[in-house]
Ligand SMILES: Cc1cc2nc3c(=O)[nH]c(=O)nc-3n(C[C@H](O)[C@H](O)[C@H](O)COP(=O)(O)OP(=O)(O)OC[C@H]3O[C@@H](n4cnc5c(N)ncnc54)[C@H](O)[C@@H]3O)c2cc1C
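Take a look at this single chain, the form predicted on its own, given in structure tokens.
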């Protein structure tokens, strides 16, 4: 989106999930008409009715959070409590206020009539949830998701955990080649840690699969001003830096210069 807008919106509902994950829901029909799967918002806690004394301790920087769901204006942000920014968000309840800038970045290209594999790890799950809702009526979809423990995984077709507490033991890419062959996959979408994306991109390149990946990067501004999230995109003969927050976060994985990241 060329000109993401600043807004303040009240939280309509807070939904608790497993472990440190939760969802904040807002309502805005205008935003619901513009957001696309793969886009994100820069969000920040403005105030907390439950903890008003913590307002001055709220981090200065916004946090980039992908759109988890969009139901005609009922917009959800699935968040994992990790650092100061997400911990401030975790204190919010219904009635508290969010600051939002967005929607930001580009979205996943939507296709029809394809055999699709979705691949996610940890907090890479939310944008693919929204994506699969847009794809499921016009494509065949198989979804693989992985995490460190059972607290990092959510509903999908095939679950992997590093500790083996739920699903298969190992990393989510361990069975990727076999599934591409078994399900005759021709298109893949992925989101998750850089190591997962790099591994998946090597496999998709070897097997000549069209692969769109959503990159994670540290974003200071989130709107393309600071260039702190730039990554090398192109080929060895012709490449340039592109901003994850502006030209991304979704890129064709074949164009990402993984060896330089």
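No experiment lies behind these values; they were computed from the predicted model shown. Positions refer to the first chain, counted from 1.
The same protein also exists as the form predicted together with the ligand; that form is not shown, yet it is the one meant from here on.
Practice item. Given the ligand in the predicted complex, answer whether the residues 118, 158 and 171 all have a heavy atom inside 4.5 Å of it. Key: Spot residues vs the ligand: no contact at all.
Review point. According to a 4.5 angstroms non-hydrogen atom cut-off, is residue 79 in contact with the ligand in the predicted complex?
Key: Judged by the heavy-atom cut-off of 4.5 Å, residue 79 is in contact with the ligand in the predicted complex.
Review point. Is there any non-hydrogen atom of residue 64 lying within 4.5 Å of the ligand in the predicted complex?
Key: Yes, contact at 4.5 Å.
Exercise for review: Would you check, heavy atoms only and a 4.5 Å threshold, whether residue 107 touches the ligand in the predicted complex?
Suggested key: Looking in the predicted complex, residue contacts with the ligand do not include residue 107, since no heavy atom lies within 4.5 Å.
Check your understanding: According to a 4.5 angstroms non-hydrogen atom cut-off, is residue 83 in contact with the ligand in the predicted complex?
Key -> The answer is yes: residue 83 has a heavy atom within 4.5 Å of the ligand.
Point to revise | Candidate from 210, 203, 46, 217 lying within 4.5 Å of the ligand in the predicted complex - any heavy atom | key: In short, 217.
Check your understanding: With the partner removed from view, which of 84-92, 172-180, 159-167, 140-148 is the stretch that lies within 4.5 Å of the ligand in the predicted complex, judged by heavy atom distances?
Key -> Of the stretches listed, the one contacting the partner is 84-92.
**Study point:** Within 228-250, the residues that have a heavy atom no more than 4.5 Å from the ligand in the predicted complex
**Key:** Stretch hits: a single one, 249.
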